[in-house]
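Below you'll find only one chain, the form predicted on its own, shown as structure tokens.
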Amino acid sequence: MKSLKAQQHPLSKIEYELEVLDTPINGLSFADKLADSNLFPLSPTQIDILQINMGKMCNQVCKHCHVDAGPDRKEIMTRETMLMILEVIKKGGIKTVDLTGGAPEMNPEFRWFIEEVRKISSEVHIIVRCNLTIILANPKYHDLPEFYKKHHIEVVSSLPYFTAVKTDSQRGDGVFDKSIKALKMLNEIGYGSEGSDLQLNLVYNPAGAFLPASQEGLELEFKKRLKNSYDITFNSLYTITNLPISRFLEYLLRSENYDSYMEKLLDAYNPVAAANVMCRNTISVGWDGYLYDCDFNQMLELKVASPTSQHIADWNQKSLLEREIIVKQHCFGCTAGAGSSCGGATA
């Protein structure tokens, strides 16, 4: 399976994607719903998380991927851009560095960057969003669990389900078995184990055009099934709603589920979740250093609405805190039901 970009699919063009997403749902926009909740214009509360996309290269081509990542994507963050990010971290105020991709581990500067962050501070919380199979993809990645442990990194791993059929249908043949092996490797060195401070958290995305079930209930079910079947333990399960972007948007349109799915998101709008959306305390940094309100806006190339600080080289905390967060119809995905964020439910 190739990326939409490699296929030259119409949805690989941002202009077309935004044209689809700009259509009101039953005459309503996300901005309208925010206004009803006294939240428009949406504004930041603080900036203490940097979510950094280290590149779109990945060893997997998942059906729901909003990044359209894959082996054929060559966009990759350079050391020069990472040095600019390190300068921002040195200024203080950033409590969490959240590394994502693609597979962030495929960036040749990945380990160097983490080591440099640790030189600045042992207190900055580092998260790596690991697809698990990367650990087994090549011998040079086999020691990643030990590297994560050495630098006290929280590992957040995608696992669509506790069975092979559902996982492989979403992420590719053989992904489930490799994921189980990688989880065992992480467990063996203390990740996700009782009494350990090495955090191992899993991420669940629905496999179709529906919202995730209760995060608490799914976590209990995942823990029971993975423990009983594979003797695997982990800390928390995060449920994340699929946003209508890139490959998931392509699926919705192809299966003629787009209108009904968007109506589901609208009907499930939760003002409490809206007040706690992740873009209010996070800045997303693209592989090329440009700044975005969130990882989803990044994929739609919607740079932050700051007149003086749109690139990491021009970081201006005051300007970024005073900006208006850009919202579109895809934002309904973060405010439906119990809410959705890179840390799971928000309400």
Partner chain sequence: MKTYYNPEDLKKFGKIGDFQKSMADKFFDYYGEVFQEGALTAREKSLIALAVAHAIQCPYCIDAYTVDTMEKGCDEEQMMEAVHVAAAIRGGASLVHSTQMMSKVKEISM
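Computed from a prediction, not measured in an experiment: that's the story for all the values here. Positions refer to the first chain, counted from 1.
Form predicted together with its partner chain: not shown, discussed below.
* Here the chain is shown alone; which of F210, W112, Y230, F147 has a heavy atom within 4.5 Å of its partner chain in the predicted bound form? -> Flagged contact: F210.
* **Contact residue in the predicted bound form, chosen from D177, E263, E116, D143 - any heavy atom within 4.5 Å of its partner chain** => Result of the distance check: E263.
* Asked: Is the gap between L218 and its partner chain in the predicted bound form 4.5 Å or less for some heavy atom pair?
  -> It does: once its partner chain is placed as it appears in the predicted bound form, L218 has a heavy atom within 4.5 Å of it.
* Though only this chain appears here, would Y204 touch its partner chain in the predicted bound form if you measure heavy atom gaps against 4.5 Å? -> Contact with its partner chain, yes.
* Asked: Even though its partner chain is not shown here, does Y269 get within 4.5 Å of it in the predicted bound form, heavy atoms only?
  -> Y269: no contact with its partner chain in the predicted bound form.
* Going by a heavy atom distance of 4.5 Å, is Y258 a contact of its partner chain in the predicted bound form? -> Flag for Y258 set to no.
* **Option from 194-202, 129-137, 210-218, 74-82 whose residues, in the predicted bound form, bring a heavy atom within 4.5 Å of its partner chain** => Careful reading of the contacts points to 210-218.
* To do: Report whether all of K181, K184 and F234 sit within 4.5 Å of its partner chain in the predicted bound form, measuring from non-hydrogen atoms.
  => Not one of the three qualifies.
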